[in-house]
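In the block that follows, a single chain appears as structure tokens, in the form predicted alone.
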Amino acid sequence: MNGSGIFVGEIPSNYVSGLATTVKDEILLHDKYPAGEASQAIKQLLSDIGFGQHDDKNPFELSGGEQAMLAIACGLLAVPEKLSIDTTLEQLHRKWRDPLIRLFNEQALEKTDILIADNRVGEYGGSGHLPFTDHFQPQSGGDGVGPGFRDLHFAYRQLGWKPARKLSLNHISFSYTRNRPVIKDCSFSFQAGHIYHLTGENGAGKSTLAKVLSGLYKPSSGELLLDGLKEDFYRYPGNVLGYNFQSPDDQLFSASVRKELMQARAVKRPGFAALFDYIVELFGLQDLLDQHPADLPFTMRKRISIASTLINEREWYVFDEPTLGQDDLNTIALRDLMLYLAQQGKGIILICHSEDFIRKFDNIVRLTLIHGNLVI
């Protein structure tokens, strides 16, 4: 990440070097002028937000938001002539994002021109409360794909959706390493037909909890219940809850969009043909069905990953950062889609740092993950 120009894109893990085994060494690898004013300002920011607690971790063990901060910090430390940041800031909690944007405007970074490409930029500075200087310019606009298939077209349709059962966590704990639990003795009941906003600082364990709920991770202790009855989610992952990953590249594996949607379990569902046509129309995928997802821009890959989550009808859905890369028109359509699913009796859990998107919902239930526990 050295030279006259550096790009940090939508999937932060792609911009971690892979050469360093710890966060501390990753930072040292990119610190071009360790005694310089810019280096000191960036390191002070990392210290102020408590990022030093990750020094001994492998960069690939960090959460998506933590990797986003690391990638941006390393890009700045290399003191490039230009630093472009595309759809990365949206993955940061405002506790980190606001001081980072203020740092962008400091005189210490004037050797680097900073370009922000982000449809959420109006939420964190574009409207004026955080001033932009000549060397720091935000950009907002469309999603970079052709006008024939760029927009979602939400329409209400009766498809015989199966309503969800109440989903409960009963003293759930989970840890990646012994004696370091991420989820700690957590108990909560999610009611069907509701939309929940799961928030928390970067690294709080939001995506980890989502993966426990979807059955990708087995709880260290405790149990998951449906309508009060114990259910082994880990034995049948994804059977009750569909999880839309933050990064679409963690979810899309088929050689075409059509094959991605026509998954074996989905095709066997009664009424699949009507659901397939609805999803294709809803997400504007008519002209893309025979294309490889990897050949499409991030914006469309994110949209396809949401579509592939819905095509496997489940009682509950977790959408992890669903607005990434989407413009205002499409975020409104996503809002309408999620309201529609809740009206059909589904349960929806949103993990999202976009406060503007969350404010589009009137009766959303806000939950904060703090020290491994859910707090209303």
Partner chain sequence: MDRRQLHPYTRLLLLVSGIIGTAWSQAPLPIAGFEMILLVILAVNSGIRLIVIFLMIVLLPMMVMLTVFHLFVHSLNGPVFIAQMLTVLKLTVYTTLIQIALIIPLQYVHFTFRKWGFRKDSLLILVSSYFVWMDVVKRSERILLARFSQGYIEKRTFMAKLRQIPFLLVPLIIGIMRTAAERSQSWDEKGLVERLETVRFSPVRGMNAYNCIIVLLAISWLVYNGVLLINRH
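Numbering follows the first chain given and starts at 1. Computed from a predicted model, the values in this text were never measured in an experiment.
If you look for the form predicted together with the partner chain, you will not find it shown, but the lines that follow are about it.
Using heavy atoms only and a 4.5 Å cut-off, determine which of Y217, F276, F298, W161 is in contact with the partner chain in the predicted bound form. Checked against the cut-off, the match is Y217.
Can you pick the one in K43, K57, R314, R335 that has a heavy atom within 4.5 Å of the partner chain in the predicted bound form? By the 4.5 Å heavy-atom cutoff, the listed residue in contact is R314.
Hey, of 185-193, 164-172, 253-261, 100-108, which bit sits against the partner chain in the predicted bound form at 4.5 Å between non-hydrogen atoms? Going by heavy atoms within 4.5 Å, the stretch is 253-261.
Within 4.5 Å of the partner chain in the predicted bound form, do I6, L28 and G238 each have at least one heavy atom? All three within 4.5 Å in the predicted bound form.
I'd like to know whether T368 contacts the partner chain in the predicted bound form, with contact meaning heavy atoms within 4.5 angstroms. No, no contact at 4.5 Å.
Could you tell me if Q344 has a non-hydrogen atom within 4.5 Å of the partner chain in the predicted bound form? The answer is no: Q344 has no heavy atom within 4.5 Å of the partner chain.
Can you tell me whether T309 touches the partner chain? I mean in the predicted bound form, with a 4.5 angstroms heavy atom cut-off. Heavy-atom contact with the partner chain at 4.5 Å: present for T309.
Using a 4.5 angstroms cut-off on non-hydrogen atoms, would Y243 count as touching the partner chain in the predicted bound form? Y243: yes, in contact with the partner chain in the predicted bound form.
Residues in 12-32 with any heavy atom within 4.5 Å of the partner chain in the predicted bound form: Residues within 4.5 Å: S13, N14, Y15, V16, S17, G18, L19, A20, T21, D25, L28, L29, H30, D31, K32.
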